[in-house]
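Quick setup: one chain, the form predicted alone, written in structure tokens, and binding and motion questions come after.
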Amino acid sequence: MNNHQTPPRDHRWAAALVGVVAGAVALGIGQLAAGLLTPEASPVIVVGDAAVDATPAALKEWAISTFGSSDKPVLITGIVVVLALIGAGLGLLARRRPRYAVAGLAAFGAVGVLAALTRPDAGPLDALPSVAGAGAGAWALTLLTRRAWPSLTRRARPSAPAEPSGDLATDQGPSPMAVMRAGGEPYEFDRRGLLTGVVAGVVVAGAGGLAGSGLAGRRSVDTARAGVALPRPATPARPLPAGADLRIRGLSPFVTPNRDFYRVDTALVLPQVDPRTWTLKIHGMVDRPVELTFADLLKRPLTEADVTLTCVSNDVGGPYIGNARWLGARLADVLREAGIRSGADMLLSTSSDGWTCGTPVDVVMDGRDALLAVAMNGEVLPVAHGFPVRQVVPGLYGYVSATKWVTDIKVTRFDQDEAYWTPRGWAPKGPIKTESRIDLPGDGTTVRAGRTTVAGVAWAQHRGVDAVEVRVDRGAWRQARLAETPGPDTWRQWVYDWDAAPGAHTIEVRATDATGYTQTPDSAPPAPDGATGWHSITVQVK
């Protein structure tokens, strides 16, 4: 006869609920421990970061294109849902094999420990949140199971089937409901004991999670950021020319507000880097390694520059592009002080969370405004955009140029080192391609017949845009009117006045850069080095 007693089928929901609540307690206590020790070591976050690193490039690209800037919340939600399902399974297992269920929680704690300790900046204390969470979850699972089914934790009389040797006695909960089991023995299900235990578990999980988040928030760098006084630029940017922004409703403004600037990176939790302890090390193939503090950087001559950044994940017509006025130290000047050795052709920069980026040396050294930026649109860098220091290099996609939270630059060679995205199928060098986008009218919208404004932006960073053309229904290409621009490193607004006739119409746009190159009509996906093709929309005219 089976020595293990199994709850009736109509109480499996209760066993699953016990497992889910135990899992919630594990996450809440893990978050609390992370808040006390290090916010980046939260079990969900470290497992999520590991999942991001292990995800195939094609799947990452799909997530970015499908969910946009919500890809990280979607990933975290997915992890929580999976953990809830696993918790429900462990709750069911706990009724028959309690030791196996506890071992399952320990295994997931071990996964969290491994993920935490393999982070680039990990320390021994980073393992503790996962250990604390797994321990709290195992305790909650055992306690809730005993409260719901007290009879299964008592030793059975000789005539009853033997209990598992690992079960311990417990107090009977109030108001047990007897259910007959095999052999005529009562199977007690204590509904009140279950519900009170579940409520207590939810309170513990919620309080732990909120307290952990609060502790993490108090440890953020917001106060330090607010205390940074930006020096005046030694080389200020020229005032924007009149007419740089056409100020057409629905058209992307020439300067993208910080709150609207796109964000694409691998960080599930924004790195909280204290500027008082931040340093930047420049080493490798140099004559004189350099180490700068934040104070050192602010004392250097700072340059202002208007630069448009673009993500390589941007589809044709996509949103992952923005223009800002940056303030920072010229990276080329710092590298000259270090003394770049002959043969070096790559800067392998590393962010505080371990992400790496490979930037061609010749691009940084050719005179363009490649910056170690400390400010964005007149204010200290937002944490989401790299505070305290990030790279900004005009003319290159962000994955090979725009390292946020940068802490290390190794001068090396492309044939000796690889950055994060290169082994994942992306090109080692990523010059931005000439592209254009229609902002209005919106795709699929209905407009009135008559004079209609068609407008958008075009870009060819560090080459500049010389012309934009629009055509309707595959007719003749017509020149659009271009806005002014302060230089070749920014996007350029354009507008075309269209006499719209009733019916369905397709509108296309293409740009020509200052080298005479006109963007190709051939469609290509973002991987491996940027999307191509003409952006087109369809509208209905009435």
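Quick caveat: nothing in here was measured; it's all calculated off a predicted structure. Residue indices: 1-based, along the sequence shown.
There is also a form predicted in complex with a small molecule; it is not shown, and the following applies to it.
For the options Lys299, Arg263, Arg276, Lys281, the residue carrying a heavy atom within 4.5 angstroms of the small molecule in the model of the complex is Arg263. For the options Gly201, Pro388, Gly398, Gly133, the one in contact with the small molecule in the model of the complex, meaning a heavy atom within 4.5 Å, is Gly398.
Of the heavy atoms in Phe108, none are within 4.5 Å of the small molecule in the model of the complex. At least one heavy atom of Leu309 is located within 4.5 Å of the small molecule in the model of the complex. In the model of the complex, the small molecule sits within 4.5 Å of a heavy atom belonging to Ser351.
Shown alone here, Phe189 lies farther than 4.5 Å from the small molecule in the model of the complex, counting heavy atoms only. Although the partner is absent from the chain shown here, Trp355, Ala402 and Trp405 each have a heavy atom within 4.5 Å of the small molecule in the model of the complex. Annotated contact segment (heavy atom within 4.5 Å of the small molecule in the model of the complex): 254-262, selected among 230-238, 462-470, 139-147, 254-262.
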